[in-house]
Structures are given as structure tokens and as C-alpha cells.
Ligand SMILES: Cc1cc2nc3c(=O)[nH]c(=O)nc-3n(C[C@H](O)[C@H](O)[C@H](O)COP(=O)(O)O)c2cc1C
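Next up: just one chain, as C-alpha cells, the form predicted on its own.
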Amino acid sequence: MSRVTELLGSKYPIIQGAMGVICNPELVAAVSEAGGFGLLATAFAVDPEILRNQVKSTKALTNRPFGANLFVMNPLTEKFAQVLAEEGVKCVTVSGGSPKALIPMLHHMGIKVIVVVPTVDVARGAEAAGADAIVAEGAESGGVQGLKVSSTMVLVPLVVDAVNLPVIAAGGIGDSRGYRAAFALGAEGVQAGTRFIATKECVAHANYKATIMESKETGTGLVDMGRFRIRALRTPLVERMLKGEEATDRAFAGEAIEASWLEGDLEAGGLPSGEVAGLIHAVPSVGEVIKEMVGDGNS
């Protein structure tokens, strides 16, 4: 058993990335049932009790381990952590800011902490702060990114060399080739986000999934949000944002997310996605994705 599977309690060292409101309990449970480690998301959450209900709903669908992502910039993150502890969640990922204040609190609650990092320096800082593992997330990944990033191919081996913790590769991973490549780079597990959006169990609207499948490898762009950037599919709306012709402040929050991600209105908001969208041409089940990814002899 690898250090990552031991930490997660899963069959395979595969974490499903946290993708906001489309991390529905059915998706999370399906990932865990298929041998991966499903994650609920809190980046855009506004009510700890809604998160509690999501945890309970996921528990009703699987008795296998699953976790959640805690987004540091969300002001309710500490309350979300308390809910997760009360509901028996044993492992989380932390992203979107410094984990220094969260790690001791989470450990006191009996929760293991995997920190998502964009650079070697941040990885070293997370290790010093007491992280249990690292997700090294390359620039290919979808969603929130920092202003200083490097590719997965470069970042992962550098982080592996820099820390003594298990390293999980993220960014550009969507099939068995990316899975095997991550291990060749020295990682002990992978995190995949975009690939799990385009699955039958994900609640994302059919228009979102279709836009992923229609995308080329150049079909995403980095939208400047000020303190950070968001990699999203180059819909007409996002193209206007990239040209400075459209404001970005409402495109990835609140009503815009509901309307675009769940209801399919591509003019309402942006659709986060990694560059791996260029490799995605079908909407299989979660089980089919994971089975293809691990292949024979790669578990």
C-alpha cells in the first residue's frame, strides 16, 4: 500500500478535484465507490448546514472514505472544518491560501491535511506547517491558480525532491497515460478534476460537459481575478473577459455559477476547466474513468 492510499483509506491513489457546486454527493460517492477518494467542495459554500447535509447524503450512498476541500479564502472555512469533524470526515485538502492556521486546528480535530501547492517554496512551507501530504498542482489545471505557476511536468519532480511528504500530482491528468506519467515524475498519487466533470454522475449541465468535449488543448484561458486567476473554457463570454471587454467580478460567483454550471447558460458565467479538456471526448461513468486510469498493474 502506498503512502497516499494509506492516508486516504482508498483502493487507488486518485483524488477527485473539488469543483464547487458540481461536487454533488452522487459524484463524490461514485468516486469513492470506484476506489478513488471523492471530495466535496466548500469554495463557494455559504452555509455550514448545507455542507453537513451534503456529507450525510454522501454517507448514504457509500460507506467508503471521502473528504472535502477547504478553501482558505472562504470566511466560513473554520466552521466548515467543525462540521466535517463532527460528521467523521478524516482527511481534507486545503487550497486557496496559507494553511498555517488551519493545519493545527484540523489535526486537533483528528483530520489529516493535504495541502495544494503551486510552487516549491509553498510546498516547503506546507511541510513546515505540518501538512500530511502535498498536491503539486501544475499550470494545466482548471479553476483557481496563483500568479506564479509552472507546468505539472516541471513542478511535480521539483516538489518530490524538496519535501519528505507524499506528493500527489495534479494538472493535465485525465487518463491512464497521465496517471502513469505522474508516477514516473515521482508522485505517489494523482488528483483529477476536469475529467470527473464530464462523467454521468456529475451534476454539471450537459452544456458544460459538451463544451469540455468540444474543446481543443488551446481551448482554455487564464482569467485575471486580481489576487488570483481562473483557468476556464474559452466560451464567447470568457473570450471577452480575456480581451478586457467584460468584467470578471461576477462571472465565477453566486448566481452566475448556478446559472452556468448547473443550468447551462454559457453567457451567465465562466466554466472552469483544465487543459486536459482537449483529451476528453465522451461522458462515461466515474467507474469507467477510474478503471481506465489505473489500468492493469497500476493500482
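Position 1 is the first residue in the sequence shown; the rest follow in order. Note that the structure is a prediction, hence the values are computed from the model and not measured.
The discussion below concerns the form predicted together with the named molecule, not included here.
Asks: Out of 118, 193, 189, 99, which one falls within 4.5 Å of the named molecule in the predicted complex, going by heavy atoms?
Replies: None of the others qualify; the residue that does is 193.
Asks: Quick one: does residue 17 come within 4.5 Å of the named molecule in the predicted complex, counting heavy atoms only?
Replies: Yes, contact at 4.5 Å.
Asks: Does the named molecule get within 4.5 angstroms of any non-hydrogen atom of residue 274 in the predicted complex?
Replies: The answer is yes: residue 274 has a heavy atom within 4.5 Å of the named molecule.
Asks: Taking heavy atoms and a 4.5 Å cut-off, does residue 211 contact the named molecule in the predicted complex?
Replies: No.
Asks: Residue 156 near the named molecule in the predicted complex, any heavy atom under 4.5 Å?
Replies: So residue 156 does not count as contacting the named molecule.
Asks: Report the stretch among 136-144, 181-189, 219-227, 120-128 that approaches the named molecule in the predicted complex to within 4.5 Å, counting heavy atoms only.
Replies: Stretch with heavy atoms near the partner: 136-144.
Asks: Considering only 36-64, what residues come within 4.5 Å of the named molecule in the predicted complex, judged by heavy atoms?
Replies: The stretch touches the partner through 43 alone.
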